[in-house]
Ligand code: ADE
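Here we start with a single chain on its own, the form predicted alone, put down as structure tokens.
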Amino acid sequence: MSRGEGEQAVDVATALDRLPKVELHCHVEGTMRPQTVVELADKNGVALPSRDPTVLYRYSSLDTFLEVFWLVQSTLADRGDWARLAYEGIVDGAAHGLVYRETAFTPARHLAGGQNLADIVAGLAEGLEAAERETRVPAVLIASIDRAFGGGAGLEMVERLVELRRAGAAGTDRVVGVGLDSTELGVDPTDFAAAFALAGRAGLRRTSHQGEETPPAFIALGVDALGSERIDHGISIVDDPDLTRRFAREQVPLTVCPNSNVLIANAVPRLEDHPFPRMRAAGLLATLNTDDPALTDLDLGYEYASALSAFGLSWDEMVAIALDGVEAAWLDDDARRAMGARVRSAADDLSAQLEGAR
């Protein structure tokens, strides 16, 4: 039998949708379905400017996006809401090739409003567990600090998280790391050094949003002052050749979200202008992710297909990007090898189907 014989031919967009993919930069609140926004708002007495949330999803900057993000967050009132959110986010991702996700949640506003971190974590874990049973897609959690609340609030959150983990509280086994997100402008990353140091001592992994709206120096601070093992976004790194060479040499992962950088932060005017191909060409371990897919009408398959088209990449280059996602994941060695083998095997099968389409 010749290669591709007996295989159903597919186009490249379909193949990329089916390709097993990990995702390392995705906010669980940003996966909330529009209908879920409406239903939770009704349930919890949250006034929405429109019954069609998608009319709100137009952003001129990261800060204008955050206003909508915070509105969506405000519809989450109890453990069951968090469970529903986590479940739906994984189910929707699995439909587009997601096979593993490290998903962030940002509870600062909920904690300030009186919600209990233990209930939030337990709810998220319940939802992820239910989705994993249904889809066989495992997912873990990154507890993200909201910059807007300051370093003190961030340290308090990490302290409480560490306490819950030590007590074996429900769901805390799924929390593998801490992050830093929200507005970048006018915030000193070093304000969060104590929180990150505590997280590191407690055995939690660390990542931080840097370099989406800030210069390369902030990316360096994310690693050198905060101890981040990954950088989320990091697109301004290409403006600093020395830092680019350092990150390429040390293979510090960058979880890049090209469509989000266009649609949310307006960091570049169009996808074709995004520095992602320059980052890859420089040897950076730059991965593809959706960031907030439901708030930008995206999915992971589209993220890959649009990158191939906008950047003129090949099928083999897209497979390499998927494998770099596995490399950048916080998996143990056995799980990383198994996940990499799964991607390679599926990529070979899909390649045969692509050849059949030619």
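Remember, it's a predicted structure, so these values are computed and weren't measured experimentally. The numbering used is simple: start at 1 and walk along the sequence shown.
What comes next is about the form predicted together with adenine (ADE), which is not displayed.
- Relative to adenine (ADE) in the predicted bound form, residues E23, R206 and W330 are all farther than 4.5 Å at every heavy atom.
- Proximity of E303 to adenine (ADE) in the predicted bound form falls outside the 4.5 Å heavy atom cutoff.
- The shortest heavy atom separation between L62 and adenine (ADE) in the predicted bound form is within 4.5 Å.
- Taking the partner from the other structure, adenine (ADE) in the predicted bound form has a heavy atom within 4.5 Å of a heavy atom of S182.
- In the predicted bound form, no heavy atom of A41 sits within 4.5 Å of adenine (ADE).
- Residues of just one listed stretch (239-247, 82-90, 206-214, 134-142) have heavy atoms within 4.5 Å of adenine (ADE) in the predicted bound form: 206-214.
- Between adenine (ADE) and the residues L66, L298, L48, A320, the one pair within 4.5 Å by heavy atoms in the predicted bound form involves L66.
- Among the residues L284, I120, I264, A108, the one placing a heavy atom within 4.5 Å of adenine (ADE) in the predicted bound form is I264.
- Along 9-28, a single residue, H27, places a heavy atom within 4.5 Å of adenine (ADE) in the predicted bound form.
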